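To begin, one chain is listed below as structure tokens, in the form predicted on its own.
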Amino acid sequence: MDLSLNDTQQLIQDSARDFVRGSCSREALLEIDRKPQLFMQGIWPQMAELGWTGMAIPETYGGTGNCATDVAVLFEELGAGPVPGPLFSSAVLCARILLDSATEEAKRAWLPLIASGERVFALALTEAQYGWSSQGVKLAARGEREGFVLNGTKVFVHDAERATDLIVVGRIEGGEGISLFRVDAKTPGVTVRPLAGFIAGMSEVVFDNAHVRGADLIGQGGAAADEIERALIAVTPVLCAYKVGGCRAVFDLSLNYARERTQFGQVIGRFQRVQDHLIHMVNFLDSARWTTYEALWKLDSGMDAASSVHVAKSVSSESYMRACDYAHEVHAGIGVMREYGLTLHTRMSRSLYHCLGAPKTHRQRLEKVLGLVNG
């Protein structure tokens, strides 16, 4: 197993690191946090210009067809910001769902627009009975002569506020299984409401007699569960890499602070308790990094990666959140000052903890993959 970066990946890493340092400084990210609309006006066009919106899309559909590790290297650097935005939702998650589920005509219609950054997609899956499995999907799709009428509410939808299009998971009345629909976010009857609280980039999306065309049914009706699961296995390590970048950033921030902050006549890094916190953070960073890159290596090698993906998601979600906890222990009062920037990571670690499935969910799936439980 070779987890070192090749020349292309090192170039991607350098380019992304320079971008984050230049265009996504702490001051810039704090300003975007206050005025989220600035992201699509300033950062998103730059990402599209750099070709990042097409990295996970094959050349046939207007992208550059990079491997999973290439894309993950980019996201690790974005996670160090943490740079918010719909790049993962649109150009990785929804692009993958379309690749796995859509007809050839739909792929040629939508993937080039995602690759160019002209259209931004978001996945509307989770509902009040929160969960990233088909069991929690209740949204109803009533068939009519020329399409479907959607009724229901999705919650904790990532990046819906910035999306031009939604991939909506619902159930066709009278049928079995779950189905996917592409819905223009401006369709009458679709309402997006950003959710408040200590979370980032999530919204409630209400569908009140929202009409969609029959052509906007993605793939075969009632057969989306396996396609979603396959897509999630393929893209989850990329999200894990973003959390690795977050772990790295909060560790570096804490280490530098421990070297500079003096108390009782010496830098606080000399105190045993502070050293304990930093060591915990190193352990969380390393465990998240190596489980993530093992999963990526398996995916790019064409191996069965399901067990490694579940381990990586469980470990990286816990690691990012716990690393932020220990960072606050090191920083104490200054860590909660918004202007300092640590709370951007703290909030992001909570927002992404459940995204694509909570750690407990992935541990349960790991048990099934390993044959430790039935079903």
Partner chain sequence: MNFGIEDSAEQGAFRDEVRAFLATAVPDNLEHAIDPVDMSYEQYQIRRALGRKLGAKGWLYPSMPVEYGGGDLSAEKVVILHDELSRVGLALPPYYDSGGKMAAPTILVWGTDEHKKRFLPPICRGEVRTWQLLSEPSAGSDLAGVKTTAVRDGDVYRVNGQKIFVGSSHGADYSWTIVVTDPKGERHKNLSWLMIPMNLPGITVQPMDLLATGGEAGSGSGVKNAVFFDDVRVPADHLVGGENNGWKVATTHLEVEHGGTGRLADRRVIYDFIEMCRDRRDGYAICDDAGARAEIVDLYIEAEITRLFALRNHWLAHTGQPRSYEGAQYSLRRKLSGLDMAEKMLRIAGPCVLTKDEKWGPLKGAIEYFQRDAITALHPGATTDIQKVVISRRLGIGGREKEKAGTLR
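Positions refer to the first chain, counted from 1. Computed from a predicted structure; not experimentally measured.
We do not show the form predicted together with its partner chain, though everything after this point is about it.
No residue in the set 60, 120 and 197 has a non-hydrogen atom no more than 4.5 Å from its partner chain in the predicted bound form. Residue contact check for residue 311: one or more of its heavy atoms lie within 4.5 Å of its partner chain in the predicted bound form.
Though the partner is left out of this view, residue 216 does not reach within 4.5 Å of its partner chain in the predicted bound form, counting heavy atoms only. Contact annotation for residue 144: none of its heavy atoms lies within 4.5 Å of its partner chain in the predicted bound form. Among heavy atoms of residue 267, some come within 4.5 Å of its partner chain in the predicted bound form. Of the candidate stretches 163 to 171, 268 to 276, 133 to 141, 88 to 96, only 268 to 276 has residues with heavy atoms within 4.5 Å of its partner chain in the predicted bound form. Scanning 108, 193, 259, 230 against its partner chain in the predicted bound form with a 4.5 Å heavy atom cut-off leaves one residue, 259. When you look in the predicted bound form, the only residue of 187, 283, 103, 116 with a non-hydrogen atom within 4.5 Å of its partner chain is 283.
Residues are counted as partner-facing when one of their heavy atoms sits within 4.5 Å of its partner chain in the predicted bound form; in 232 to 258 these are 251, 255, 258, in sequence order.
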